[in-house]
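Form predicted alone, single chain, as C-alpha coordinates, below.
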Amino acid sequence: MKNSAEVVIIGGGVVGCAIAYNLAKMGCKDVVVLEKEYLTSGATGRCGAGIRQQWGTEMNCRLSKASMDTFEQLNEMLDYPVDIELKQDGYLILAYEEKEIEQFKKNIDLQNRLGIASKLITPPEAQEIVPHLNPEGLLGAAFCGRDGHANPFHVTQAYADAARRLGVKIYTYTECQDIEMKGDKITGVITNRGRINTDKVVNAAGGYSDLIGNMVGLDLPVYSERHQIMVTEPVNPLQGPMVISFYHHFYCQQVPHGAFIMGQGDPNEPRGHNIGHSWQFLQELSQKIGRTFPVLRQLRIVRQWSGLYNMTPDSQPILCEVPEVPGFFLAIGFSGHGFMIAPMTGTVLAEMILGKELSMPVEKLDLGRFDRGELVLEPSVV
(Lines give C-alpha, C1' and ligand atoms only; values in the text may rest on other atoms or scores of the structure.)
Protein backbone atom coordinates (compact mmCIF):
# COMPACT_ATOMS: atom_id res chain seq x y z
CA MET A 1 0.00 0.00 0.00
CA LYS A 2 1.16 3.53 -0.73
CA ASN A 3 2.57 5.29 2.31
CA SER A 4 1.80 8.81 1.09
CA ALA A 5 -0.80 10.59 -1.04
CA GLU A 6 -1.77 14.11 -1.96
CA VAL A 7 -5.41 13.33 -1.13
CA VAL A 8 -6.96 10.47 0.87
CA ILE A 9 -10.68 9.85 0.37
CA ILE A 10 -12.48 7.87 3.07
CA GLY A 11 -15.42 5.98 1.59
CA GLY A 12 -15.69 3.75 -1.47
CA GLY A 13 -19.23 4.56 -2.45
CA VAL A 14 -20.34 6.48 -5.51
CA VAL A 15 -19.47 9.87 -3.99
CA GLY A 16 -15.93 8.88 -2.98
CA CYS A 17 -15.23 7.26 -6.36
CA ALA A 18 -16.68 10.23 -8.26
CA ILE A 19 -14.46 12.65 -6.32
CA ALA A 20 -11.42 10.46 -6.97
CA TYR A 21 -12.09 10.30 -10.70
CA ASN A 22 -12.60 14.04 -11.00
CA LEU A 23 -9.43 14.79 -9.04
CA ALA A 24 -7.42 12.58 -11.37
CA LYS A 25 -9.13 14.01 -14.45
CA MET A 26 -8.14 17.50 -13.26
CA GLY A 27 -4.52 16.44 -12.89
CA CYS A 28 -4.28 15.31 -9.27
CA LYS A 29 -3.45 11.63 -9.70
CA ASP A 30 -1.78 11.00 -6.33
CA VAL A 31 -5.08 9.99 -4.75
CA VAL A 32 -6.00 7.11 -2.45
CA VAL A 33 -9.53 5.86 -1.75
CA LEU A 34 -10.04 3.83 1.44
CA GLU A 35 -13.03 1.51 1.77
CA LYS A 36 -13.42 -0.61 4.88
CA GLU A 37 -15.30 -3.33 2.98
CA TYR A 38 -15.96 -3.54 -0.78
CA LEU A 39 -16.97 -0.76 -3.16
CA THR A 40 -20.69 0.12 -2.72
CA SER A 41 -20.89 -1.86 0.54
CA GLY A 42 -22.45 1.13 2.32
CA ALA A 43 -25.33 3.38 1.35
CA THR A 44 -24.62 3.26 -2.41
CA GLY A 45 -25.20 -0.46 -2.73
CA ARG A 46 -28.24 -0.34 -0.49
CA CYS A 47 -30.08 2.62 -2.01
CA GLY A 48 -33.16 2.75 -4.22
CA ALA A 49 -30.97 4.36 -6.93
CA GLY A 50 -33.58 6.81 -8.11
CA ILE A 51 -32.48 10.00 -9.88
CA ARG A 52 -34.86 12.91 -9.61
CA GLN A 53 -34.64 16.63 -10.20
CA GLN A 54 -37.90 17.48 -8.41
CA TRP A 55 -36.70 19.14 -5.22
CA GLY A 56 -37.86 22.04 -3.13
CA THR A 57 -34.54 23.86 -2.61
CA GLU A 58 -32.48 25.57 -5.27
CA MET A 59 -29.21 23.82 -4.40
CA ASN A 60 -30.70 20.32 -4.60
CA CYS A 61 -32.39 21.19 -7.89
CA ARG A 62 -29.16 22.55 -9.39
CA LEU A 63 -27.07 19.62 -8.18
CA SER A 64 -29.54 17.03 -9.43
CA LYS A 65 -30.10 18.66 -12.82
CA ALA A 66 -26.37 18.91 -13.50
CA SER A 67 -25.92 15.34 -12.30
CA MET A 68 -28.62 14.08 -14.66
CA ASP A 69 -26.77 15.79 -17.51
CA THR A 70 -23.77 13.64 -16.56
CA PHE A 71 -25.72 10.41 -16.01
CA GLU A 72 -27.03 10.68 -19.57
CA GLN A 73 -23.50 10.51 -20.97
CA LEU A 74 -21.75 8.55 -18.22
CA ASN A 75 -21.09 5.39 -20.21
CA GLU A 76 -19.29 7.32 -22.94
CA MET A 77 -17.61 9.79 -20.58
CA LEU A 78 -16.07 7.06 -18.42
CA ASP A 79 -15.54 4.57 -21.28
CA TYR A 80 -17.46 1.96 -19.30
CA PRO A 81 -18.35 -1.10 -21.42
CA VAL A 82 -21.41 -2.20 -19.40
CA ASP A 83 -24.73 -0.35 -19.54
CA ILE A 84 -25.32 1.64 -16.33
CA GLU A 85 -29.03 0.90 -16.92
CA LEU A 86 -30.20 4.48 -16.90
CA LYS A 87 -33.98 4.32 -17.21
CA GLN A 88 -35.67 7.68 -17.73
CA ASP A 89 -39.38 7.02 -17.44
CA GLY A 90 -39.91 9.81 -14.95
CA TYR A 91 -40.86 10.38 -11.33
CA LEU A 92 -44.52 10.61 -10.38
CA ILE A 93 -44.97 12.26 -6.98
CA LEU A 94 -48.43 11.80 -5.49
CA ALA A 95 -50.34 14.37 -3.43
CA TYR A 96 -53.09 13.47 -0.96
CA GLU A 97 -53.44 16.77 0.91
CA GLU A 98 -54.03 20.34 -0.21
CA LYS A 99 -50.84 21.46 1.52
CA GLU A 100 -48.92 19.03 -0.68
CA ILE A 101 -50.48 20.53 -3.80
CA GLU A 102 -49.44 23.99 -2.64
CA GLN A 103 -45.91 22.79 -1.95
CA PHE A 104 -45.75 21.10 -5.36
CA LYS A 105 -46.75 24.38 -7.02
CA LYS A 106 -43.89 26.17 -5.27
CA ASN A 107 -41.46 23.38 -6.11
CA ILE A 108 -42.49 23.29 -9.77
CA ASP A 109 -42.16 27.05 -10.11
CA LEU A 110 -38.61 26.81 -8.76
CA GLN A 111 -37.78 23.77 -10.90
CA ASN A 112 -39.11 25.34 -14.10
CA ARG A 113 -37.08 28.53 -13.47
CA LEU A 114 -34.00 26.30 -13.24
CA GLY A 115 -34.76 24.49 -16.48
CA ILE A 116 -36.35 21.35 -15.03
CA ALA A 117 -39.40 20.29 -17.07
CA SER A 118 -41.69 19.25 -14.22
CA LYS A 119 -45.43 19.85 -14.16
CA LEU A 120 -48.50 19.53 -11.95
CA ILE A 121 -50.99 16.97 -13.23
CA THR A 122 -54.50 15.78 -12.34
CA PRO A 123 -55.42 12.33 -10.96
CA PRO A 124 -56.71 11.15 -14.39
CA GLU A 125 -53.42 12.27 -15.96
CA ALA A 126 -51.52 10.39 -13.27
CA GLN A 127 -53.52 7.26 -14.12
CA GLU A 128 -52.62 7.67 -17.78
CA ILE A 129 -48.96 7.49 -16.76
CA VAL A 130 -49.47 4.61 -14.28
CA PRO A 131 -52.74 2.85 -15.22
CA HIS A 132 -52.71 0.50 -12.20
CA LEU A 133 -52.62 3.43 -9.75
CA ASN A 134 -55.58 3.56 -7.36
CA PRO A 135 -56.93 7.15 -7.61
CA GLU A 136 -58.82 7.01 -4.29
CA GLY A 137 -57.94 10.07 -2.22
CA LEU A 138 -55.50 11.38 -4.80
CA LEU A 139 -55.68 15.16 -5.33
CA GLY A 140 -52.97 15.51 -7.96
CA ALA A 141 -49.33 14.76 -8.69
CA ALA A 142 -46.08 16.23 -9.91
CA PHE A 143 -44.26 14.65 -12.83
CA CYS A 144 -40.94 15.04 -14.63
CA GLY A 145 -40.32 12.66 -17.50
CA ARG A 146 -36.54 13.14 -17.48
CA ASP A 147 -36.15 11.68 -13.99
CA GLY A 148 -35.36 8.02 -13.58
CA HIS A 149 -33.18 5.29 -12.14
CA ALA A 150 -29.74 3.75 -12.73
CA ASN A 151 -27.73 0.79 -11.49
CA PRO A 152 -25.66 2.02 -8.51
CA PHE A 153 -23.16 -0.83 -8.75
CA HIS A 154 -22.34 -0.13 -12.38
CA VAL A 155 -22.22 3.65 -11.86
CA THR A 156 -19.76 3.29 -8.98
CA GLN A 157 -17.67 0.72 -10.84
CA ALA A 158 -17.54 3.01 -13.86
CA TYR A 159 -16.10 5.83 -11.76
CA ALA A 160 -13.71 3.49 -9.94
CA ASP A 161 -12.38 1.91 -13.15
CA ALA A 162 -11.88 5.30 -14.79
CA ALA A 163 -10.13 6.63 -11.68
CA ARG A 164 -7.78 3.63 -11.57
CA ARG A 165 -6.85 4.10 -15.21
CA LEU A 166 -5.80 7.64 -14.33
CA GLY A 167 -3.58 6.46 -11.47
CA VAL A 168 -5.86 6.53 -8.41
CA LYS A 169 -5.24 3.76 -5.88
CA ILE A 170 -8.37 2.22 -4.38
CA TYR A 171 -7.87 0.00 -1.36
CA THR A 172 -10.80 -2.15 -0.27
CA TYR A 173 -11.02 -3.88 3.10
CA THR A 174 -8.84 -1.05 4.37
CA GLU A 175 -10.34 0.80 7.31
CA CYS A 176 -9.46 4.29 8.44
CA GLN A 177 -8.78 3.89 12.16
CA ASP A 178 -7.56 7.40 12.96
CA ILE A 179 -6.46 10.70 11.47
CA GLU A 180 -3.21 12.11 12.83
CA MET A 181 -2.85 15.84 13.37
CA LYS A 182 -0.23 18.33 14.44
CA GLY A 183 -2.08 21.29 15.87
CA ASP A 184 -4.96 21.90 13.48
CA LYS A 185 -3.12 20.39 10.50
CA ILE A 186 -3.67 16.87 9.18
CA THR A 187 -0.45 14.86 8.86
CA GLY A 188 -1.61 11.36 8.08
CA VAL A 189 -4.23 8.62 8.11
CA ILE A 190 -3.86 5.43 10.13
CA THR A 191 -5.41 2.29 8.60
CA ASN A 192 -5.50 -1.37 9.50
CA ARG A 193 -2.83 -1.83 6.81
CA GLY A 194 -0.50 0.97 7.82
CA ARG A 195 -0.07 4.74 7.75
CA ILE A 196 -0.50 7.11 4.82
CA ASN A 197 1.17 10.52 4.96
CA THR A 198 -1.20 13.22 3.70
CA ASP A 199 -2.40 16.71 4.51
CA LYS A 200 -5.74 16.42 2.69
CA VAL A 201 -8.55 14.08 3.72
CA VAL A 202 -12.06 13.83 2.26
CA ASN A 203 -14.80 12.50 4.50
CA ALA A 204 -17.14 10.63 2.13
CA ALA A 205 -17.98 7.93 4.67
CA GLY A 206 -21.76 8.13 4.35
CA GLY A 207 -23.56 6.73 7.37
CA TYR A 208 -20.31 6.64 9.33
CA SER A 209 -19.20 10.19 8.55
CA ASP A 210 -19.77 11.27 12.14
CA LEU A 211 -17.14 8.77 13.33
CA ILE A 212 -14.60 10.15 10.84
CA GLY A 213 -15.38 13.67 12.02
CA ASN A 214 -14.64 12.63 15.59
CA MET A 215 -11.13 11.67 14.50
CA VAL A 216 -10.29 15.33 13.87
CA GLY A 217 -12.17 16.61 16.91
CA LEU A 218 -15.41 17.57 15.16
CA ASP A 219 -18.93 16.89 16.38
CA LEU A 220 -20.60 16.99 12.98
CA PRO A 221 -24.31 17.94 12.81
CA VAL A 222 -25.27 14.69 11.07
CA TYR A 223 -26.93 11.50 12.20
CA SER A 224 -27.72 8.19 10.54
CA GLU A 225 -30.96 6.26 10.45
CA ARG A 226 -32.02 2.96 8.91
CA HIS A 227 -34.13 2.85 5.77
CA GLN A 228 -35.46 -0.49 4.60
CA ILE A 229 -36.21 -1.80 1.11
CA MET A 230 -37.99 -4.85 -0.23
CA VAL A 231 -37.81 -6.47 -3.66
CA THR A 232 -40.34 -8.59 -5.52
CA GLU A 233 -40.01 -11.31 -8.09
CA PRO A 234 -39.45 -10.02 -11.65
CA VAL A 235 -42.52 -9.67 -13.86
CA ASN A 236 -43.27 -8.30 -17.31
CA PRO A 237 -42.99 -4.50 -17.76
CA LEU A 238 -45.85 -2.85 -15.90
CA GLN A 239 -44.69 0.47 -14.47
CA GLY A 240 -42.53 3.10 -16.15
CA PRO A 241 -41.88 5.86 -13.61
CA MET A 242 -40.76 5.81 -10.03
CA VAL A 243 -43.82 6.62 -7.90
CA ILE A 244 -43.30 8.28 -4.54
CA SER A 245 -45.60 9.60 -1.84
CA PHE A 246 -44.44 11.94 0.90
CA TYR A 247 -47.82 11.43 2.58
CA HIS A 248 -47.29 7.66 2.82
CA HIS A 249 -43.48 7.92 3.08
CA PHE A 250 -42.88 5.37 0.30
CA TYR A 251 -41.40 4.93 -3.16
CA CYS A 252 -42.05 2.17 -5.67
CA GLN A 253 -40.38 1.43 -8.99
CA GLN A 254 -39.91 -1.38 -11.48
CA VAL A 255 -36.29 -1.86 -12.52
CA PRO A 256 -35.22 -2.98 -16.02
CA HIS A 257 -35.06 -6.72 -15.21
CA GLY A 258 -38.68 -6.64 -13.98
CA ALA A 259 -38.51 -6.65 -10.18
CA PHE A 260 -40.26 -3.98 -8.12
CA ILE A 261 -38.10 -2.19 -5.55
CA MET A 262 -39.99 -0.46 -2.76
CA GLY A 263 -38.96 1.42 0.33
CA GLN A 264 -40.32 3.70 2.98
CA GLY A 265 -39.14 6.18 5.56
CA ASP A 266 -40.16 5.67 9.15
CA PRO A 267 -40.50 8.95 11.12
CA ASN A 268 -40.03 6.95 14.33
CA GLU A 269 -36.83 5.24 13.24
CA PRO A 270 -34.19 5.68 15.99
CA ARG A 271 -30.85 7.24 15.14
CA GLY A 272 -27.88 4.92 14.86
CA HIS A 273 -26.07 2.48 12.61
CA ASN A 274 -28.57 -0.38 12.72
CA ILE A 275 -29.01 -2.04 9.31
CA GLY A 276 -31.01 -5.04 10.48
CA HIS A 277 -34.42 -5.92 9.06
CA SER A 278 -37.92 -6.08 10.50
CA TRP A 279 -41.09 -7.97 9.62
CA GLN A 280 -43.09 -4.87 10.63
CA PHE A 281 -41.57 -3.03 7.66
CA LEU A 282 -42.69 -5.75 5.26
CA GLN A 283 -46.19 -5.72 6.68
CA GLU A 284 -46.64 -1.95 6.73
CA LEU A 285 -45.21 -1.30 3.29
CA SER A 286 -47.06 -4.22 1.71
CA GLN A 287 -50.33 -2.79 2.98
CA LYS A 288 -49.55 0.69 1.62
CA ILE A 289 -48.45 -0.63 -1.77
CA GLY A 290 -51.46 -2.96 -1.96
CA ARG A 291 -53.85 -0.06 -1.44
CA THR A 292 -52.07 2.24 -3.87
CA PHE A 293 -51.35 -0.36 -6.56
CA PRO A 294 -53.90 -3.19 -6.13
CA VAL A 295 -52.49 -5.18 -9.06
CA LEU A 296 -49.21 -5.65 -7.19
CA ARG A 297 -50.82 -7.48 -4.27
CA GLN A 298 -50.14 -10.88 -5.87
CA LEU A 299 -46.39 -10.34 -6.30
CA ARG A 300 -44.07 -12.42 -4.17
CA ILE A 301 -41.45 -10.69 -2.06
CA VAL A 302 -38.04 -12.30 -2.60
CA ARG A 303 -35.79 -10.33 -0.26
CA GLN A 304 -35.26 -7.19 1.77
CA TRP A 305 -32.30 -5.12 2.89
CA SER A 306 -31.49 -1.99 4.87
CA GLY A 307 -29.13 0.94 4.51
CA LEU A 308 -28.34 4.22 6.21
CA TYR A 309 -29.52 7.71 5.39
CA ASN A 310 -26.93 10.20 6.68
CA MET A 311 -29.18 13.10 7.68
CA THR A 312 -28.59 16.82 8.29
CA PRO A 313 -30.97 19.21 10.09
CA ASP A 314 -32.11 20.70 6.75
CA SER A 315 -31.91 17.50 4.64
CA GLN A 316 -29.29 19.05 2.37
CA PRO A 317 -25.68 17.85 2.08
CA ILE A 318 -22.58 19.41 3.60
CA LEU A 319 -20.01 20.17 0.88
CA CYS A 320 -17.05 22.17 2.09
CA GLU A 321 -13.58 22.40 3.57
CA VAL A 322 -13.71 22.76 7.35
CA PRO A 323 -12.11 26.11 8.33
CA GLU A 324 -11.07 24.82 11.75
CA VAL A 325 -9.28 21.83 10.19
CA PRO A 326 -7.55 22.95 6.96
CA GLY A 327 -7.34 20.14 4.45
CA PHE A 328 -10.38 18.29 5.85
CA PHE A 329 -13.18 18.21 3.28
CA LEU A 330 -16.78 17.06 3.76
CA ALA A 331 -19.07 15.35 1.27
CA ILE A 332 -21.64 14.07 3.75
CA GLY A 333 -25.22 14.39 5.01
CA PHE A 334 -26.92 13.60 1.71
CA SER A 335 -30.15 12.67 3.50
CA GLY A 336 -31.03 9.88 1.11
CA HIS A 337 -30.15 11.53 -2.21
CA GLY A 338 -26.38 11.09 -2.44
CA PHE A 339 -26.49 8.72 -5.40
CA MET A 340 -28.54 11.03 -7.58
CA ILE A 341 -26.27 14.05 -7.07
CA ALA A 342 -22.96 12.16 -6.94
CA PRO A 343 -21.75 13.23 -10.42
CA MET A 344 -21.91 16.95 -9.65
CA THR A 345 -20.69 16.40 -6.09
CA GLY A 346 -17.61 14.69 -7.50
CA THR A 347 -16.89 17.61 -9.79
CA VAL A 348 -17.40 20.36 -7.22
CA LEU A 349 -15.44 18.64 -4.44
CA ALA A 350 -12.50 18.00 -6.75
CA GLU A 351 -12.48 21.65 -7.80
CA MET A 352 -12.70 22.72 -4.17
CA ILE A 353 -9.80 20.49 -3.11
CA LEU A 354 -7.61 21.78 -5.93
CA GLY A 355 -8.49 25.43 -5.34
CA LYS A 356 -10.18 25.83 -8.72
CA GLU A 357 -13.19 27.97 -9.55
CA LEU A 358 -16.29 25.94 -8.79
CA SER A 359 -18.55 24.84 -11.62
CA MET A 360 -21.46 25.51 -9.30
CA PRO A 361 -21.46 27.79 -6.23
CA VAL A 362 -22.16 25.62 -3.17
CA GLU A 363 -21.11 27.97 -0.39
CA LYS A 364 -24.63 27.76 1.06
CA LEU A 365 -23.96 24.08 1.79
CA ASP A 366 -21.03 24.72 4.11
CA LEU A 367 -20.74 23.40 7.65
CA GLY A 368 -21.06 26.86 9.17
CA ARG A 369 -24.66 27.32 8.03
CA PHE A 370 -25.91 25.43 11.08
CA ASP A 371 -24.17 27.75 13.54
CA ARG A 372 -25.29 30.79 11.55
CA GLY A 373 -28.89 29.57 11.50
CA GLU A 374 -28.97 29.73 7.69
CA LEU A 375 -30.78 26.46 7.11
CA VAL A 376 -33.12 26.03 4.16
CA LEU A 377 -35.19 22.93 4.82
CA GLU A 378 -35.63 20.51 1.92
CA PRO A 379 -39.33 19.62 1.99
CA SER A 380 -39.17 16.71 -0.48
CA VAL A 381 -37.51 13.79 1.29
CA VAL A 382 -39.10 10.33 1.58
Partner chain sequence: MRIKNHPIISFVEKKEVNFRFDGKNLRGQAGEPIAAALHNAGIKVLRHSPRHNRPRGFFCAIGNCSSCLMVVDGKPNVKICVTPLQEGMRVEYQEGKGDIDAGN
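Residue numbers count along the first chain shown, from 1. Computed from a prediction, not measured in an experiment: that's the story for all the values here.
We do not show the form predicted together with the partner chain, though everything after this point is about it.
For the marked spot (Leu94, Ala126 and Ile129), a heavy atom within 4.5 Å of the partner chain in the model of the complex is absent from each of the three residues. Though the partner chain is absent from this view, in the model of the complex it lies within 4.5 Å of a heavy atom of just one residue from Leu138, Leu120, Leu238, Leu211, which is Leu238. Taking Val295, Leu114, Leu166, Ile275 one by one, only a single residue has any non-hydrogen atom within 4.5 Å of the partner chain in the model of the complex, and it is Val295. The closest heavy atom approach of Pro234 to the partner chain in the model of the complex falls within 4.5 Å. Contact between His257 and the partner chain in the model of the complex is found at the 4.5 Å heavy atom cutoff. Of the heavy atoms in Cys144, none are within 4.5 Å of the partner chain in the model of the complex. The partner chain is not shown here, but in the model of the complex it comes within 4.5 Å of a heavy atom of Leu299.
Judged by heavy atoms within 4.5 Å of the partner chain in the model of the complex, the contact stretch among the candidates 262-270, 178-186, 299-307, 192-200 is 299-307.
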